[in-house]
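There is one chain below, alone, in structure tokens, taken in the form predicted on its own.
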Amino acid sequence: MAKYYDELLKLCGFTDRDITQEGLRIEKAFQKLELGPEDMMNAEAWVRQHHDIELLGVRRILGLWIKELVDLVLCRDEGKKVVYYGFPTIAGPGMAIKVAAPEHVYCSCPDAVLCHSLGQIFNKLDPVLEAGEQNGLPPGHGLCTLQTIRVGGMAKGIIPVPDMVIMSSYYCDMGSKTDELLRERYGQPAIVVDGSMDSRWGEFPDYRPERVKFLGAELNKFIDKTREILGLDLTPDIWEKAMAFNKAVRVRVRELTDLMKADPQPVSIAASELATLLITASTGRSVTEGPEVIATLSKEVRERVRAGIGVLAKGSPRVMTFLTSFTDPSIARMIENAGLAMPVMFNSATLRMRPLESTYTTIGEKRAEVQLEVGMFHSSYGLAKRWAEVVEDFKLDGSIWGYQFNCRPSAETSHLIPKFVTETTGVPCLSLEVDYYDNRIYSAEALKTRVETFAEMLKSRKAEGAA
């Protein structure tokens, strides 16, 4: 007998066998989430309107996000230890914990999972945001809405209180502050990885050894605390396996990103974002099933490239954003409808990397050195420099620095990065105040006028250059 959720699941790439195998768990999770028949109908309409469901790869990625949501909601009921980490985060710690105890630990960034499932699929994130605002993070105070989602999810009882939390306080200061609130309320133990993003302007890609030592000591502290709290020994072998798992997904994401360089752009950036954020949000089925699912999408996109099929006209101005909305795919669609191709997000771009022959010995110091080389956790200059490099490497016509208004490291560079990028590359950069996690104020319609004006300017420049 058909269930009220069958049609949505099939739309999101589930087979009849999948539904049979997962049905009881899905139904239990949907009951906790208060998702009923009307929500399924609304979700079907939302998915059909905003996602490229003619592509099997997109449908299956949407299905992976639903699986991650179900695993998150039920992990405590199913006897697992629960570990959360924040976004953005240093790559490695979460995956290392999962590799150390794959059957006994659930580890994710729960707020990102809720955004991509309750937001991108069900368009029903507002009740969670409202619960967070009523339980310690009130609106109108410039507080991070991603953290509001985590607080709201716990307040509503739809995600469990974790056994341990990992948070980097020197990039996301709101994360550690929120963890203090949740520790007082629920008693959750938190490991705060501290550091510093202070450096001389122009110093990147170089950095002082003291920075590696300090951040490395913080990461080594995390390893010690994990042993103390969870009883897991994160040995060098565990870290190597974790990096191998991460690499398997990132290789597939890189293949997809390379295909997105085609003109015309073969698929919406909203589809690429769904794939790119899988590895950021979770260490579970997104990692085990993710590579094969992303490969399915890449195969379909490759066929589009060969056939010259695109979502915009050939020759459209090409831009980059830092991210696209975690919650609302209509925002990416709005930018594309304005006539701007978005082949890449900054966090999915392949960066220029120097050969690294580390002289450091501890796991923490080695991971710290890699993160400083990448640039984002190095300094504002490091991020600006990397941004300019990607603009040049992708031969972009413009870029959109969509800065998260309530994020200190993002907002403080609201005009610095556009100015630096334009002066360095000669390419215009729009500074656009956004909220990647909450579309109640920063909706597609609210951003449309500024994006359309920028698009017309880029089209005019491109036409003049071709004349």
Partner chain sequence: MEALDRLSDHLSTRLLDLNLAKQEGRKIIGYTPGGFLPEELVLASGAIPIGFIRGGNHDMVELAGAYICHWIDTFWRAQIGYGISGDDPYYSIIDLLVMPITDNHSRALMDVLDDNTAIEIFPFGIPHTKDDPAFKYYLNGITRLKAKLEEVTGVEITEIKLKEAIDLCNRERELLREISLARRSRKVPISSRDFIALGHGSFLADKQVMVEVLESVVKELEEPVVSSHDGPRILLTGSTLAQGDSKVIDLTEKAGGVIVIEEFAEGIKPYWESVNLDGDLMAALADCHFARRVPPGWFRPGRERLDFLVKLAKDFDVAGVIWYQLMYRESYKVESYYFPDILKKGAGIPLLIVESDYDSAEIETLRTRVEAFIDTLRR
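Positions refer to the first chain, counted from 1. Nothing here was measured: the structure is a model prediction, and the numbers come from that model.
Missing here is the form predicted in complex with its partner chain; even so, the following discussion is about that form.
The candidate spot formed by 235, 273 and 298 is out of contact with its partner chain in the model of the complex: none of the three has a heavy atom within 4.5 Å.
You can rule out all but one of 288 to 296, 242 to 250, 199 to 207, 330 to 338: in the model of the complex, only 199 to 207 has residues with a heavy atom within 4.5 Å of its partner chain.
This chain is drawn without its partner chain; in the model of the complex, the residue among 345, 137, 396, 82 with a heavy atom within 4.5 Å of it is 137. Comment: its partner chain is not present in this chain, but in the model of the complex one of 303, 263, 180, 77 has a heavy atom within 4.5 Å of it, namely 180. Residue 53 falls outside the set of residues with a heavy atom inside 4.5 Å of its partner chain in the model of the complex.
Of the heavy atoms in residue 91, none are within 4.5 Å of its partner chain in the model of the complex. Using a 4.5 Å cutoff between non-hydrogen atoms, residue 163 does not count as a contact of its partner chain in the model of the complex. Using a 4.5 angstroms limit between non-hydrogen atoms, residue 184 touches its partner chain in the model of the complex. Although its partner chain is not shown here, in the model of the complex the stretch 402 to 430 places heavy atoms of 403, 405, 408, 409, 411, 412, 414, 415, 416, 419 within 4.5 Å of it, in sequence order.
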